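Quick setup: one chain, the form predicted alone, written in structure tokens, and binding and motion questions come after.
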């Protein structure tokens, strides 16, 4: 895909529905008694994997006039394919571990290279019986009786936290997750909406054995997808974004904090955003902010290259176990585009001197492809991204930003 330098960016759009919420609605709907209606779901590779997986495992999944219904309450043994989605694989592992079923969760070649040891180890501590290939998929899960644990994650991970909380639904006793660094709260928020006995106080999430009941889930626009047009607008012009979910509003606050001109029309758990060209300041991202913005960090590294001054992103070692090593691959791509960027063990240090552009590799990673497309759009000469199809797993209409 050829990306030309963008001199003036002016666009009004509604970003794709939130992928994380769509996946969780499908999985919790499968576990819940009754019908869950998912309004405005995202249809992409990862969410298709979630819908097909829960259908294989016992849910009745139907599409009706732009919405999905999931009739749950039944878990059966089967083989389910998570395809490219680590979220689907890890959350299913949590759900199946305390069930009465024996199931196998597979993934595509990329997902099968990503370690699942982080979730296997903690679920095993709860009593789960999980077989794997030295911590890699496929996972064979023999459902059994689980017991609650007190879990303090060593590395911040919303996916691992979610697997533990979902396993806690069927575990004997109480399960707690104590987050030293807060991660996105979609799972605990939605579990409460589905009727789970769950509390979240001062970073300590406690869940007890619970039954879920189907609900209606109205999915807002995905802030992670909105990040790309927002970055383009902040440097090159203007965009108006409708229906953006704000339950994860750290990205909005971050952009405003570095000088971004963002006007927000509040609509409860979502907002309409007006983003204008701004004089952005260099920044440092660390700690809880790194965890909150983990999916956006390659994009923010690219953005830092066109902000004068030194920026730094640290405490993001989790990037190394994504679809690719996003630290190493971001550095390789941006250096090839002329960036002054240093690879750190847990992030990047960038001296913002601009980008000349060039040929970028996606490494089969949707967020790498999209981040490098924006980098080329903000560069002097533009360039290419070698794989335009990998974005379909999260943002199928992404390339329309550059038409």
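Just so you know, these numbers come straight off a predicted model, no measurement behind them. Positions refer to the first chain, counted from 1.
Absent from the display: the form predicted in complex with a small molecule. The rest refers to it.
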Please determine whether residue 184 contacts the small molecule in the model of the complex, using a 4.5 Å cut-off between heavy atoms. yes
Exercise: residue 322 in contact with the small molecule in the model of the complex, heavy atom 4.5 Å: yes
Can you tell me if residue 245 lies within 4.5 angstroms of the small molecule in the model of the complex, counting non-hydrogen atoms only? no
Even though the partner isn't displayed, in the model of the complex is residue 188 close enough to the small molecule, meaning a heavy atom within 4.5 Å? no
Among 225 to 233, 170 to 178, 302 to 310, 82 to 90, which stretch sits within 4.5 Å of the small molecule in the model of the complex, heavy atoms only? 82 to 90
Please identify the residue among 120, 280, 294, 252 with any heavy atom within 4.5 Å of the small molecule in the model of the complex. 294
Looking at 158, 103, 241, 327, which has any heavy atom no more than 4.5 Å from the small molecule in the model of the complex? 158
